[in-house]
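Single chain ahead, written as structure tokens, the form predicted on its own.
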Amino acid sequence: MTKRMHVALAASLATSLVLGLGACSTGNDSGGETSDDGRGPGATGVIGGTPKKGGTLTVLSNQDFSHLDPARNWVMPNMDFGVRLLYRTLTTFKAAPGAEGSEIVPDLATDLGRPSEGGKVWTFTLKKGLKYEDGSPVKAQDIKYNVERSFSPDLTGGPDYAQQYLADTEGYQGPLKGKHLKSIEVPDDHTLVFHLKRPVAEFSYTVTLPTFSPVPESREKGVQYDLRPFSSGPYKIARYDRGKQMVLVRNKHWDPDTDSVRKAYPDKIVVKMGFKGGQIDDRIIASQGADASAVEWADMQPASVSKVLSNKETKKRLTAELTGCTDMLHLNTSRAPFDDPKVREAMQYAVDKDGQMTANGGPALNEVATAYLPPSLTGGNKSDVLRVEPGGDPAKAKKLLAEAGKPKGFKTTLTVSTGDKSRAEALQESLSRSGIEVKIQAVDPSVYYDTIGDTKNAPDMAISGWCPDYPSGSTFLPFIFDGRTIKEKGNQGNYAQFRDEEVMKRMDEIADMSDPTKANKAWIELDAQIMAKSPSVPLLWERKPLLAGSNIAGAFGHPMWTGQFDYAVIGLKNPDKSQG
């Protein structure tokens, strides 16, 4: 691979994302405070103008973080929080709304990496003056160490690109027993050389992930590291009471001259957890006291949509960026009844996607998904090979079930997070039209992915979304439908436990393509082939509705982190009015 090919890929990927956003966005991408006409569901842009330095930013949440250890941090909003506030990566995404946010810039590295040997070797050089929270220097060895940690069986849940891409990793179990990877060379404190199994054109994007942030070996605490990551970012953890509250204060050794992305406006960030239902929406709508300087972590509840859209002043404080993700109903193909392709095909017709949309805030905040790949990865086009009506087709579903030997339907189980219970009930009702009886199990959001990622005890069905880590089909289909990614514990992405030799062979063929345009076309074709095998039912392409308090400035939904507020640049209009 040449440097030109790498640039061409970046341009292709960015164009794809622009098309995807442009197809659905109705807002103002230019930044600055938007007019009332430009804000509302689908609006982008920045809430509250440019922040002032100082004060306390409050984050109100219904849940704890699943993981903040950078080797384990792979749920999209959590990645935003980790890489923007606590640790830095070799490269990162710009802090900008709209399509500009999909562009990458150097972070710890001096550039976007230098490929050689046809793209199988990538070299990065660290900037000078990088320091941890205790003032000690960030070294290249520390990034290698964290990449190695991502192989540890005990440190589950994190991005597994390193396992997929690095050479000579078979059987590697991480560095905890003193073994290290030869495929990452560290010739000095500032240089990293990655040796890959095959050319990876988008490796500059890959190293935006938390796996490629530094963890010094001297700070290793195994699974306990999750409670107190050692900061290389602008903030450090002062207190963390799991499930209740986290307090971040400034890392005085973070040097803004080495960081073109993070602005670190607030002096302190307080995350308050454990709120129920619409409590958070109501507090931020009222915007009294410290709540005026607060933002919400979890999505605004569907029941609050009418209260916000009918209030001109509150509506200005709403952002609703496209998540870029596809929300799916995964069918456990490892056992009956979903080991039968005919039963899975029936599910495509049995589900009422309109009902899902209604239960999730209505058409202002969702679109019916007709394929696995989101429009941001298909040039803005919405693939629809099965052409099922949005409300489903129970008669067709019953016919297919009869052909599968289940004319009276069957009983099954569905596991969802507590926040999705209303959607689960809508699903339960819609499937009953085809004789499918669903038992619902709702679990706390903080343990949801661990629950459905335990393959031995996995439910029959689970609702989960998948978001591309960067704009490439290679970050989507292989992670949710490649049978080789299935793990007994910490299984992630392939919740359908789908293992199909024909599909896996085609994934390998596409991965070997050096032309990104041909590869993109091939991913779209493969998406249609997998739809025909139906391991999952695509449900929704969602927006992320988030409210900000009246004293918040610099808030916008970042397109690469599922529309979550970008914590690199969020702050306050008047720091003196904040509390805490």
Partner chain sequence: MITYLARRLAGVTGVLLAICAITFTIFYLLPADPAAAACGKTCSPERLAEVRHFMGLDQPVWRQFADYLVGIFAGRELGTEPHTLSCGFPCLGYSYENSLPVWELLTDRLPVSASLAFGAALMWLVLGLGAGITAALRKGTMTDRTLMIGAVATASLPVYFTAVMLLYGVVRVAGLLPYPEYVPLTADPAAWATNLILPWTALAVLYAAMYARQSRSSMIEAMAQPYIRTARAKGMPEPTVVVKHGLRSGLTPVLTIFGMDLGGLLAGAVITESIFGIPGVGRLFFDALQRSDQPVILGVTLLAAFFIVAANLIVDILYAFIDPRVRY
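Numbering follows the first chain given and starts at 1. Just so it is clear, the structure is predicted and the values come from calculations on it, not from any experiment. We call the rigid core whatever largest set of C-alpha positions still superposes within 1.5 Å between the two forms.
There is another form of this protein, the form predicted in complex with the partner chain, and it is not shown here; the text below is about that form.
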query	finding
Among the candidates Asp340, Asp111, Asp160, Glu185, the residue which, in the model of the complex, approaches the partner chain to within 4.5 Å (heavy atoms)	Asp160
Residue among Gly483, Gly490, Gly355, Gly419 with a heavy atom within 4.5 Å of the partner chain in the model of the complex	Gly490
Non-hydrogen atom contact Arg242 with the partner chain in the model of the complex at 4.5 angstroms	yes
Pro137: touches the partner chain in the model of the complex, heavy atom cutoff 4.5 angstroms	no
Asp154, heavy atom within 4.5 angstroms of the partner chain in the model of the complex	yes
4.5 Å heavy atom contact, Arg72 to the partner chain in the model of the complex	yes
Site test, Lys263, Gln301 and Gly554 vs the partner chain in the model of the complex, non-hydrogen atom cutoff 4.5 Å	no
Per-stretch contact check against the partner chain in the model of the complex, the hit in 382-390, 220-228, 330-338, 80-88 (non-hydrogen atom, 4.5 angstroms)	220-228
Stretch 258-282: residues contacting the partner chain in the model of the complex, 4.5 Å heavy atom cut-off	Lys272, Met273, Gly274, Phe275, Lys276, Gln279, Asp282
Rigid core superposed: Thr455 CA moves 2 Å or more between the shown form and the other one	yes
Val249 C-alpha shift between the shown form and the other one of 2 Å or more, rigid core reference	no
Large Cα move at Phe194 between the shown form and the other one, threshold 2 Å, rigid core	no
